[in-house]
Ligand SMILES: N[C@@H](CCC(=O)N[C@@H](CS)C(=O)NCC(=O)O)C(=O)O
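In the block that follows, a single chain appears as structure tokens, in the form predicted on its own.
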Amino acid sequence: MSLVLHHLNRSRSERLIWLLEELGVDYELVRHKRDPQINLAPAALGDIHPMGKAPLLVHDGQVIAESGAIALYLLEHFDPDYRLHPEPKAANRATFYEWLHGAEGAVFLPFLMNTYLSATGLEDSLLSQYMAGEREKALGAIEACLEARPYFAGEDFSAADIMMGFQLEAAEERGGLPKDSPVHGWLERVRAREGHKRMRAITAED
């Protein structure tokens, strides 16, 4: 079996390293560096997949793009005991899917847009004001979830927490979390995991 993860420094591909470490799967990590002038992925990624973005997973010659798709693929192939995702008929499976995909969709977009607005000098635009409202709404949904249960999909840690991790760690780093936010407690719980510690040791070399 050949399993290769193409990772871009300071990117959401950190989550796939974390997932692989939690799964305990043997894999090869190929590191890519952002272009220092434009801060985007290098052209070499375009030779692997036409979108030219990371993460990219190559499993026995098959190239898989998109973080959510990669996460589900890895769970289907390497989590037969359902340690990191609910069984097909589990009551929390729909909730798991909601947060797994929300991490790349409606929940994440307002945070991503903030990065783009800052990079292009549009912090004071009407779009920025609109996205600030959307970020507040997204954070409200996140906090309501974590006030009701310790992890995104329920009582147990899952890949949904891994997928949500990147943006919430970034929000904390930027001072975007209220002092009394339940996200802080969740961050403490996930950072205590050995898989997260191994991921951080790996990404410290980026």
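Start at 1 with the first residue shown and count on from there. These numbers were taken from a predicted model, which means no experiment stands behind them.
Just so it is clear, the following notes concern the form predicted together with the named molecule, a form of the same protein that is not shown.
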Answer key, the named molecule contact in the predicted bound form at 4.5 Å (heavy atoms) among 172, 156, 143, 66: the residue is 66
Let me know the one among 138, 41, 168, 57 whose heavy atoms come within 4.5 Å of the named molecule in the predicted bound form, would you? 41
Which of 48-56, 22-30, 176-184, 145-153 sits within 4.5 Å of the named molecule in the predicted bound form, heavy atom basis: 48-56
Applying a 4.5 Å heavy atom distance criterion, does residue 12 contact the named molecule in the predicted bound form? yes
How about residue 199: is it within 4.5 Å of the named molecule in the predicted bound form, going by heavy atoms? no
Evaluate residue 98 for contact with the named molecule in the predicted bound form, applying a 4.5 angstroms cut-off between non-hydrogen atoms, and reply yes or no. no
How about residue 104 - does it come within 4.5 Å of the named molecule in the predicted bound form, if we only consider non-hydrogen atoms? yes
